[in-house]
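Only one chain comes next, encoded as structure tokens, the form predicted on its own.
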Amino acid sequence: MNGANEVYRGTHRGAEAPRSATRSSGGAVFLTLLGKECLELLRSFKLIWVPIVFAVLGIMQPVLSYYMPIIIEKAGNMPEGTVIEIPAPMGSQVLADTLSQFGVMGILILALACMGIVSGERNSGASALVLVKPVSYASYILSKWLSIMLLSWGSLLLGYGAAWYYTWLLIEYVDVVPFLLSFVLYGLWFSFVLTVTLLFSTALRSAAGAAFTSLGAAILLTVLAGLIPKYMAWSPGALTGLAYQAATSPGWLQMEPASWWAVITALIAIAALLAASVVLLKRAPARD
């Protein structure tokens, strides 16, 4: 009986070793793929020019708000003796206006930068060469998704942080809590839009088609959330409005707990979109 137990233990230990090695190998493969994606972003200079553009957009809003009276006075053909009095903007409103800039230019820049992240490799056949054992379809998609998340969140933090700093220098100090809360909400909106871009990049042959289809979906959700907020409060498109409210009046979020359904819906949608991307990639790793 003891001999049989020893054989069982030995067999059990022998079966555990390959599974442990497989888990370790899977993690190493994922990190290798993630490093490859980050290196590609660096080689294409996206890790350089995208954060710089966001920083410029972030700095422009508080600077323009501060110098707007002088700009109007110097640029306009006003009668002599005209006095222009524009009330000083609130710091929280400047941050909300900065988010509006990111919502237009920022999403466009990120979508264009990430539009060919899967379709480019599928069209060239490179994805079929990469997707061999032990590389899984899920690791392939997740490595690309995480790389664009690092790019988008890092760029947003740099640009929005620059706006917060220059608002403090030129206008007034804005508390860190509404700044961070609005940053997280808008970052989640970026994550949703770029995950949609990743899905369409997997499904479509055209990289431009993936970018503009995802932009169209983002615009549609935002417009619907603005037109019928009562019925679209659960939509990810409501995240932009939540971010603006967080920047200007953070207490409003505590009074509207139902609005947090937009956060839950966005997280569920991101997970579903990633799963759909994996399924689409399995059907056709490369285009003919």
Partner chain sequence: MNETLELSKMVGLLVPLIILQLILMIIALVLCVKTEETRGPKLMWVLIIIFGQLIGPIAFFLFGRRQA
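Positions refer to the first chain, counted from 1. For clarity, every value in this text was computed on a predicted model and none was experimentally measured.
What comes next is about the form predicted in complex with the partner chain, which is not displayed.
- Looking at the partner chain in the predicted bound form, residues 55, 112 and 169 each place a heavy atom within 4.5 Å of it.
- From the list 147-155, 169-177, 91-99, 191-199, the contact stretch for the partner chain in the predicted bound form under a 4.5 Å heavy atom rule is 169-177.
- Residue 59 is the only one of 59, 263, 233, 221 with a heavy atom lying within 4.5 Å of the partner chain in the predicted bound form.
- When the partner chain is considered in the predicted bound form, residue 69 lines it closely, a heavy atom lying within 4.5 Å.
- Put simply, residue 249 is far from the partner chain in the predicted bound form: not one heavy atom of it is within 4.5 Å.
- Using a 4.5 angstroms limit between non-hydrogen atoms, residue 48 touches the partner chain in the predicted bound form.
- At a distance threshold of 4.5 angstroms between non-hydrogen atoms, residue 104 is out of contact with the partner chain in the predicted bound form.
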